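In the block that follows, a single chain appears as structure tokens, in the form predicted on its own.
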């Protein structure tokens, strides 16, 4: 059995065990259960950014916009009854997919002019500007978006964290499997070729703009669904909670810690960020932002290629 098959088999066993965990008596009421949900959420946004930056080489600083767009889509569909008065919105697949599609549509609209004209730092700044435009638009949206306060959803429907847990696990595992498939496909080869040498890829017949847009839209799609999942958990969607820069910084930190451009790197990074940030928030609540900044500095100094590539550094 090859090493890759062993990793796939072990991953399948871990996912199956995690899927059965909610059936253990008392598990759904523990703090560990919430940490696992947070770990799944971080894995989704980390893998989504990894697809854009790790495989395609396009550093996006606008992920908070897609996260917020997904959350606001779910909130508006739910609060306005856009799918009909008799429709059920709590953990509704149509609302979840709509949240991802709205984020992907915005990614295509803003990505076409940015990706066709800008490279590197200029593209990153362009996406950051887009994120701030979205944030201000929702703050100034008036009664339709709830303004600075946002939209409150009917929290009386909440009974257990189990649905959030299972949906988060499914999205995290499904996206990781998709990244694994993309890495082995012609799409993955095209994305890596663009990342390594855009001019060489173009000269060999790769439609650079098309593949950049595909990666950018896919990353936005899953980030939007993550925003929808978090909206289901909080029942209060606001610019402060969903359009702040944490939802851009966290995916970057997750991918960099684990190893951007790898399949399992964001999973490891999400686990590290969940544990460190959660316990720092418990034991040092006032110093929590300092831990975040310190973690970024230490990672860039001592692990610029991520945990997944440490073994290669050791061999060298």
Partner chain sequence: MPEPVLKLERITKRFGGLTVLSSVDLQVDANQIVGLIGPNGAGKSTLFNVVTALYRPEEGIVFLDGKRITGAPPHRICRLGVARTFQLVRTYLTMTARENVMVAAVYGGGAMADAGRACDEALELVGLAASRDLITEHMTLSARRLLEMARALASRPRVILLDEPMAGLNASEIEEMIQVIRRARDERGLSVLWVEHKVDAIMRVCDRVVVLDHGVKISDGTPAETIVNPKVIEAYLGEPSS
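Everything numeric in this text was worked out from a predicted model, so none of it was measured. Numbering follows the first chain given and starts at 1.
Another form exists, predicted together with its partner chain; not displayed. Remarks below refer to it.
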Within 4.5 Å, heavy atoms only: does residue 157 come near its partner chain in the predicted bound form? no
Does any part of residue 78 reach within 4.5 Å of its partner chain in the predicted bound form? Heavy atoms only, please. no
At 4.5 Å between heavy atoms, is residue 245 in contact with its partner chain in the predicted bound form? no
Interface membership of residue 88, its partner chain in the predicted bound form, 4.5 Å heavy atom rule: no
One residue of 109, 133, 94, 199 in contact with its partner chain, assessed in the predicted bound form (non-hydrogen atom, 4.5 angstroms): 199
Based on heavy atom distances of at most 4.5 Å to its partner chain in the predicted bound form, which listed stretch, 228-236, 171-179, 133-141, 204-212, is the contact stretch? 204-212
Would you give me the residues of 164-202 that have any heavy atom within 4.5 Å of its partner chain in the predicted bound form, in order from first to last? 183, 186, 187, 189, 190, 192, 193, 195, 196, 197, 199, 200, 201, 202
